[in-house]
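A lone chain, given as structure tokens: the form predicted alone.
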């Protein structure tokens, strides 16, 4: 649990997704706790502070109804069953402010600018010869969507800070809100403000894809922070280089600082992680045990081996090249046909964006071709499942021989860390050099070069044929790294830096 004594200030959190969501079923309103390690980490902090509020988007129609009913913030008890509190909570609770925005503006904010434009720029996904094409429509979508929605969220943060006397610790999260910090700073100059970017931050040349006025607004927006946080030193250095080369600001690349007027903005890196105790508890559940038994029966009889990937169907995850590499492996090592299976648990992602829908079709076509070429005795080498099932994923983590993460770019990749914690088979991490997790876990993994299918095929062969003693040695070292650098430490490191900045 994060140390709550590091800052004696009220806390205001901002993220696109919040700690709870509301829906309706036949019995009325339902409340679900938000999923993911980030939600768990920030919820764990907010639950143990006397004065904290989480500002987030109304993600469902019922969220919007709840927001209108609350006319401000509402108190939500998170354990053991999430529910809105009327009176005193008898368990951990979080004050939540749900922000409702104009649907058309939100569509431009999320589906035109946040995804795909910012996502594609920051993950290096534009080929540039033909894309992007930025027209008047994209300029209007930035002004009337991204910028407009950022102002609405910034105003909500300002309201909450002012309600706390104008002084607060403000934690902003991710690429959706690059314009918020500057607005909050202007209205509330006494805040201590940090913005954490959870996706890669590329160098200046990638940002030149965007119109100069827009990229400058994005950068100056982030520079309203006291600290801009990233997962790796490389991303932090890239941010400082952007401030120097694109804005002409004085910088210190060794100290990772940027001078903005009379303020010093610090770029810092804090590798996000997982909650090992929660993973251990999930692994010990009956549901996971049932999945393990079934997966063993399907994939691991007769000394067979299992390669696993768990990903979203995002082009940045590089799923197609991963399967092409596996096909190459089977072509060049026919003795492995029928002896090695590839289980892919993929979650469809942003299917309303044409590039994502097209990519799902490409995945299906490649899998069908490889299965047609290498099916033996009725056994297909690739088992592709479009499913989002965390207990199933944990079960597969625990028994796989190789985990494949070959992302084109990844802010961190927590799947690699989850496997390191729960695998019980001497599983080998096959990890892209361009995933943030490679900085921490690369020495314990076989490295993948994400554009080189031959190299990836060779790396998979190395992993599958690695002596068992070496496999277990590497896995134990990776697990130790993750368990001693968990999600609580990620948050504590940030708070301790902010304590020094605030002079507390």
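Being a predicted model, the structure only gives us computed values, none of them experimental. Numbering follows the first chain given and starts at 1.
Only in words, not in the display: the form predicted in complex with 6-O-phosphono-beta-D-fructofuranose, which the text now covers.
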query: Proximity to 6-O-phosphono-beta-D-fructofuranose in the predicted complex (heavy atom, within 4.5 Å), stretch among 253-261, 109-117, 288-296, 428-436; finding: 109-117
query: Residue 175, heavy atom within 4.5 angstroms of 6-O-phosphono-beta-D-fructofuranose in the predicted complex; finding: yes
query: 4.5 angstroms heavy atom contact with 6-O-phosphono-beta-D-fructofuranose in the predicted complex for residue 483; finding: no
query: Partner proximity in the predicted complex: residue 199 to 6-O-phosphono-beta-D-fructofuranose, non-hydrogen atom cutoff 4.5 Å; finding: yes
query: Residue 312: touches 6-O-phosphono-beta-D-fructofuranose in the predicted complex, heavy atom cutoff 4.5 angstroms; finding: yes
query: Contact residue in the predicted complex, chosen from 164, 215, 350, 268 - any heavy atom within 4.5 Å of 6-O-phosphono-beta-D-fructofuranose; finding: 350
